[in-house]
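Coming up is one lone chain in structure tokens, specifically the form predicted alone.
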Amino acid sequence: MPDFEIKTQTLNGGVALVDVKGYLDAHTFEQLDKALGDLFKSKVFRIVVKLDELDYISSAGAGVFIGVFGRAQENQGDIVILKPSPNVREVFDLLGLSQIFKIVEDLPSALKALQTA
């Protein structure tokens, strides 16, 4: 099975940076769902998800983002997508997620997008 890795760190201002690498699919989506759920339990609702090293995302993986988006917004938060890989960007475009999520190319832009949330 391909490698999958999630690293979470807290940035200034109560923002979390979640770095997702590898393959996000039916075998791994629950790990991302748990990581984001743990942030919510810690009252962190402003999240930057870095996807430049995510090689593949399935519909199950994309479903995680759909599921957590509303919960973040209900708690005056937001989820910003940082530098999705070309494959992931294509899936986001095909599923219409590019119309829902703010997608940015660098961390300062991501933090600015969260300030306007």
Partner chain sequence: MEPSLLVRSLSIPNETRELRSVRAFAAEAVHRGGVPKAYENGILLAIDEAVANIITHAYQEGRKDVIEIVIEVDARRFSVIIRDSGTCFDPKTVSTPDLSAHVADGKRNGLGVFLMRRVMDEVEYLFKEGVRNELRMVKYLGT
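From a predicted model like this one, the values you see are computed outputs, not experimental measurements. Numbering follows the first chain given and starts at 1.
Just so you know, the form predicted together with the partner chain exists too; it's not on screen, but the next bit is about it.
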query = Would you say all of F45, I79 and D106 touch the partner chain in the predicted bound form, counting a heavy atom within 4.5 Å as a touch?
reply = no
Partner proximity in the predicted bound form: I57 to the partner chain, non-hydrogen atom cutoff 4.5 Å = yes
ask   = So, in the predicted bound form, is D3 in contact with the partner chain at a 4.5 angstroms heavy atom limit?
value = yes
message = Is K50 part of the interface with the partner chain in the predicted bound form - any heavy atom within 4.5 Å?
response = no
ask   = So in the predicted bound form, does A35 come within 4.5 Å of the partner chain, heavy atom to heavy atom?
value = no
